[in-house]
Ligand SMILES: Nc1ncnc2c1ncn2[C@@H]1O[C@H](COP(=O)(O)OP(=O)(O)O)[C@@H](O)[C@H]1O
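We begin with a single chain expressed as structure tokens, specifically the form predicted alone.
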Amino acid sequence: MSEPSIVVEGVSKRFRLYHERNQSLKVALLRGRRAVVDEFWALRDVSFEVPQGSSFGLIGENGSGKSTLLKCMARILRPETGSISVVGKVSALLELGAGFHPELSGRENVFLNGAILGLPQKELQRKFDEIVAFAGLEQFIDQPVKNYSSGMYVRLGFSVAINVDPDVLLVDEVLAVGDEVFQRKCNEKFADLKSRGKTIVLVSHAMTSVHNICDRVAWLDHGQVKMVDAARKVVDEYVGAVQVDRTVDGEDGGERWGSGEARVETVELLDANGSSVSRIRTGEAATIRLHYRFHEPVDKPVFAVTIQTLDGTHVSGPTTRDADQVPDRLLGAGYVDLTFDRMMLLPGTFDINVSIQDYSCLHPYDFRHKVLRFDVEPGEPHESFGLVALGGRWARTEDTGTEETT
């Protein structure tokens, strides 16, 4: 383990929340009382170390103290108790537009922001073209930054911050507003900084980015450190803990339409023991059960299930017609099961659509949109990102012909 680049020891930070503020001495005298103030502890006894040349993540829900801690590291805020020691030159990108003057052009703000971060004028002149090229703002560099989009702000600010050649780079969630191309450039720059022994501290709600970029992660909960460990372990624990408890009764969820001869009364997600649940783990057995009622005889009805992400991406859409399991005729009530010996969805939140259709699958008797929502927690196999685990097997063959499989 290398020497620590950042040591956070017993840090606590307090803010005052004013419910009634006396704007002047006169107001205080007339009211005859002091302002009403509550104390809010954003951080309480936070301690950890960040090894030199590593990437360290800070995760947690909004209000957990991540950004406050980052500002304490950057010496923008001073903690009430405890201490933070940082070795080397620090560069920080903490807030959108921080260090920029809206009336000045991008060119002028590069020199202004660079000077604030401690970069000499000659060095800024030498690196100016590189800074602008990384931000991709050659066409707009002489326009006032008040006309920039949020993405343009971040691209220019990040480009200046990394070209200061810091020993420690502090980055808040602002990078989330960048586009896909810029995100990829940032990740490549992070890798380059790590290879040169620089230290990176990243605050983010994007768990995939945290998992891929960071070596270790601290999970903050209401201003206290809940867990510090390897990135994969902390991210898995955090994702499993913050998923919302959901109803297991799929009777009232979502929109529905159809001609009405048959209806899906309720939908359940069942675990391997047959219990109704709202969350499962990758690789576990699961069953989606559709309780139906046919009010009149229907020939060759087809049951269908669609699993989709929250943004509407369809992951799977099996039907009983695909499986050659179409009954000749149905009347009355019952249920039909779609069983997965191993549910291979990766961690995330998913919606279920269900329907009963005619054999051509062109006429819906009943279609229920987003009837049930469920969560998938980390299980086995574990894959870093994506929607499903394909369960591939890695094999390595040496020149001697010896094969090793993992």
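Everything numeric in this text was worked out from a predicted model, so none of it was measured. From 1 onward, residues are counted along the sequence shown.
Keep in mind that the form predicted in complex with this ligand is missing from the display, and what follows is about it.
Asker: Test of understanding: in the predicted bound form, would Gly57 fall inside 4.5 Å of this ligand by heavy atoms?
Answerer: Gly57: no, not in contact with this ligand in the predicted bound form.
Asker: Does any part of Phe15 reach within 4.5 Å of this ligand in the predicted bound form? Heavy atoms only, please.
Answerer: Although this ligand is absent here, Phe15 would touch it in the predicted bound form, with heavy atoms inside 4.5 Å.
Asker: Taking the shortest heavy atom distance, is Asn353 within 4.5 Å of this ligand in the predicted bound form?
Answerer: Judged by the heavy-atom cut-off of 4.5 Å, Asn353 is well away from this ligand in the predicted bound form.
Asker: Would you classify Pro381 as touching this ligand in the predicted bound form, given a 4.5 Å non-hydrogen atom cut-off?
Answerer: Although this ligand is absent here, Pro381 would stay clear of it in the predicted bound form, with no heavy atoms inside 4.5 Å.
Asker: Only one of Met343, Ala42, Val376, Leu372 comes within 4.5 Å of this ligand in the predicted bound form by heavy atoms, so just point that one out.
Answerer: After the contact test, the surviving option is Ala42.
Asker: Exactly one stretch in 333-341, 353-361, 44-52, 58-66 has heavy atoms within 4.5 Å of this ligand in the predicted bound form; which is it?
Answerer: Looking at the partner contacts, the answer comes out as 58-66.
Asker: Quick one: which residues from 214-237 get a non-hydrogen atom within 4.5 Å of this ligand in the predicted bound form?
Answerer: Sequence-ordered list is empty.
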